[in-house]
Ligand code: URA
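One chain is shown next in structure tokens, namely the form predicted alone.
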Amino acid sequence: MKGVTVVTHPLVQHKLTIMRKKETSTAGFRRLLREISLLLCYEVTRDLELTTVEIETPLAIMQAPTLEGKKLVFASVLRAGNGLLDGMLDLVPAARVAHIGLYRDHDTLQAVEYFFKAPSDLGDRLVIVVDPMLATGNSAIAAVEKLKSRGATNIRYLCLLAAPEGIKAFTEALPDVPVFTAAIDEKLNEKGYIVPGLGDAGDRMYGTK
């Protein structure tokens, strides 16, 4: 699909399979989500621009590569997005963080916003939105549109699983925002859950129902 990157790295796929198993414990699910987020973060940041700076090693002075531009922003869609956020911050500890509170109305499946907090200079930074599940696409679209309304222009969307319906809705609404995911599953069920999926990522991560 145009604008969609599926991360097929063997370690990503192996860890995702374990996460899908219904017998995987809350602690195991949380640990695996943090581990897989490191690998996904590696892919979504693969083409960051570099510049050079002069440094001195114990042996010589050299021109060495370093990231160019302002720090990244990781925008977590609460609450499940924090499971990806934690691991990504391990890899990029200097990143700024935005939080977007959304919940899905179970009758309409539409996203309802209840919280938003982000750095003020989003227009000068690459913003990576993180949320484990791209199901209907409604929450993802709402999150990105909120960031755009606050000035963000360079945005990427990172999820663990996606449904074809969510991919279609998202890419049609936001063709300028690339999507990165570990897998595109079969479909959505009548309740808007990804099938075969892995259940509700937030419930499995926090041990709630």
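Residue numbers run from 1 along the displayed sequence. Just so it is clear, the model here is predicted, and its values are computed rather than measured.
Below, we turn to the form predicted in complex with the named molecule, even though it does not appear here.
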{"property": "Heavy atom within 4.5 Å of the named molecule in the predicted complex - the one residue of 100, 133, 73, 85 that qualifies", "result": "133"}
{"property": "Any non-hydrogen atom of residue 201 within 4.5 angstroms of the named molecule in the predicted complex", "result": "yes"}
{"property": "Any residue of 169-196 that, in the predicted complex, places a heavy atom within 4.5 Å of the named molecule", "result": "192, 193, 194"}
